[in-house]
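Take a look at this single chain in structure tokens; it is the form predicted alone.
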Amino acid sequence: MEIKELKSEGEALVATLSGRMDAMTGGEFTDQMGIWIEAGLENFIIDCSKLDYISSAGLRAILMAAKRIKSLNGSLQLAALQESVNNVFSISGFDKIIPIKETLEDALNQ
């Protein structure tokens, strides 16, 4: 998995995930989110348009980040999920916990 910080849009940091998010790479996401949170960032938009696969370990990493961000009164939104990744979020019920926007533009316009 690769994590790229695209830019800060207003108050939100926009980052792109690509590849696979699983037990091997979920820690990378957790570590990077921790770095951004420690730097004082509180609002995030994660572009998942290039994320091909997510496992339960990847879901757990995103949920833990969302809970930490919420405790800081921040926000985490996911955008542009591929169909297979979106299905995992729907089946697991995580789409009810974490805001998911159809496109990156939708998330930016919130």
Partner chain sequence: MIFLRHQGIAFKLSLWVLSGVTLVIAAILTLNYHSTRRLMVEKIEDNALNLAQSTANRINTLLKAAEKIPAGVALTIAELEPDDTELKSLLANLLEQNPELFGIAAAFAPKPDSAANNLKLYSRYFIRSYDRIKESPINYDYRSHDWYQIPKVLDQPIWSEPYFGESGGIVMASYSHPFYREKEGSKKFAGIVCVDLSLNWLRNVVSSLKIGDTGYAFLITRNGTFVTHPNLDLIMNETIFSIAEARNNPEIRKIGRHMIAGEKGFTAFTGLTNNQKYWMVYTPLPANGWSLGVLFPQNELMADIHDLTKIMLGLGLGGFFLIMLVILLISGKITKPLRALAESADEIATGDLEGAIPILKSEDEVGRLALSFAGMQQSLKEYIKNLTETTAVKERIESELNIARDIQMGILPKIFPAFPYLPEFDLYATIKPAREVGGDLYDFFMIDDQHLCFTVGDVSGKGVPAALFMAITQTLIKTQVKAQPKRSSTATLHQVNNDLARDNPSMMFVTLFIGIFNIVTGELEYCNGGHNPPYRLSPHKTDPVQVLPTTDGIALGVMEDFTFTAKRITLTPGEALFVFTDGVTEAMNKRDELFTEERLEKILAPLTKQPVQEITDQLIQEIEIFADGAPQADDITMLVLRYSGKEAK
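Positions refer to the first chain, counted from 1. Predicted, not measured: the structure shown is a model, and the values here were computed from it.
A second form of this protein, the form predicted in complex with the partner chain, is not displayed here; the remarks below concern that form.
For the chain shown alone, residue 37 is not a contact residue for the partner chain in the predicted complex, no non-hydrogen atom being within 4.5 angstroms.
The partner chain is not drawn, but in the predicted complex it has a heavy atom within 4.5 Å of residue 60.
At a distance threshold of 4.5 angstroms between non-hydrogen atoms, residue 56 is in contact with the partner chain in the predicted complex. Put simply, residue 50 is far from the partner chain in the predicted complex: not one heavy atom of it is within 4.5 Å.
Annotation for 71 to 108: interface residues with the partner chain in the predicted complex are 91, 92, 93, 94, 96, 97 [heavy atom within 4.5 Å].
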